[in-house]
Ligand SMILES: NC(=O)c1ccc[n+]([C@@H]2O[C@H](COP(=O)([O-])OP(=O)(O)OC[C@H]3O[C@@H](n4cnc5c(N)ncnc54)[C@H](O)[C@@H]3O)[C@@H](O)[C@H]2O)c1
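Take a look at this single chain in structure tokens; it is the form predicted alone.
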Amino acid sequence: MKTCIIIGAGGRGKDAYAPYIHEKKLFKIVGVVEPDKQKREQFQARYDLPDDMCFSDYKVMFSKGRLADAVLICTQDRMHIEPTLLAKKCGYHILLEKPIAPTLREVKLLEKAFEGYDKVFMTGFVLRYTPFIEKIKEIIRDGEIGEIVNLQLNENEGFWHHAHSYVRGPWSQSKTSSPLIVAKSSHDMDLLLYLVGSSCTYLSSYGDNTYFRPENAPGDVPDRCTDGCPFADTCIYNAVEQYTNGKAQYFVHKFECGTEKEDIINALKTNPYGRCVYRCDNDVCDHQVVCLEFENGVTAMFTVSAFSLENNRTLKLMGTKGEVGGCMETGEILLKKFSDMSETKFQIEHDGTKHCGGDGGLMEQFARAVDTYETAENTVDKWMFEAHKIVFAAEKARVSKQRMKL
């Protein structure tokens, strides 16, 4: 069995990837790098790791040379470039969480650094590995809708999800994380490239942080939802209600405070997630659209928006002989053919891992790539760099309000 080390025992490394790798025996987890002592020790105990393979600093780990076959780099967005280059120097197979870098300069630096790399280098573009997208791709390959002419992809964030991650949370500021389109949607651009099968040539983009601003507060509100807000009973972003009884309960495990209501409220009194959404220091977009033209003539419209009830993705492809679309999270696909006006419904199931089975699919693909890399034609992810270039071009187009050529 190939071996791997997890760098960053947080949401992606500890919760999404490691359990699947371990359960499916895709790799033997032999080490961890995590600066948080409690998280590191919990990870060590879970996978029975020796003390000398548990590190608080990735520099120390890399200084010892190659200790495993592969590394999964799951650090925060602005902590990607250095460990990735160190991993390359040591000759590891690399899975780097998306976005691979928070700036275009660093994306280009990685692209140049990995020219001709003879090991696997992939990123966490999970969407293309979902059973839902696999079925859509099969329908396209079988010619059921003819040639693709245009498509629409909506990333519906969910009002509660956006408030947690992009208003109160660690991705709320471009300067400390990255723009919304970079942090949230680089794998959507990868998905468009994967479905269309062609490079993007031109794009334009529009959007802003329209709603989560001080002037949109319902009145005189305190800095925190726990400070006796007079609008608590009617505010849909009331942190106490959202984290104790609403959809944002999904994120409470990140507080590491337990699940009792009193403990959650106490955590909200001091952590970033108890802040009023109109009193935060956020500056990233709460909605954005990107219009794209591809080399093969296909056009696409991508929308990411905070203003939806559910956190899901909806997709529609229109071709010369029919159309196909659906919702990734519900697994529902509807194929309509022009020739006989028929409608065919498909219900797609997945393995239960996050991103509609994409997390599991990504791990399976990474493991296969590592197992067969010596005979692979291209060990570096095909659309990785272009997808990132697209989101940075989209952000530049949004700010400048100009059409961009890629």
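This is a predicted model, so every value here is computed, not measured. A residue's number is simply how far along the shown sequence it sits, counting from 1.
Separately, the form predicted together with this ligand exists; it is not shown, and the next lines address it.
Contact annotation for Ala9: at least one heavy atom lies within 4.5 Å of this ligand in the predicted complex. In the predicted complex, this ligand sits within 4.5 Å of a heavy atom belonging to Asp36. Although the partner is absent here, Met318 sits far enough away that none of its heavy atoms falls within 4.5 Å of this ligand in the predicted complex.
In the predicted complex, no heavy atom of His350 sits within 4.5 Å of this ligand. Annotated contacts: Tyr17, Cys74 and Trp171 all touch this ligand in the predicted complex [non-hydrogen atom within 4.5 angstroms]. Judged by heavy atoms within 4.5 Å of this ligand in the predicted complex, the contact stretch among the candidates 136-144, 111-119, 91-99, 292-300 is 91-99. In terms of contact with this ligand in the predicted complex, the residue from Phe27, Phe366, Tyr58, Phe43 that brings a heavy atom within 4.5 Å is Tyr58. Though this ligand is absent from this view, in the predicted complex it lies within 4.5 Å of a heavy atom of just one residue from Lys336, His287, Arg213, Lys254, which is Lys254.
The partner is not shown here, but in the predicted complex the stretch 111-130 reaches within 4.5 angstroms of this ligand through a heavy atom at Gly124, Val126.
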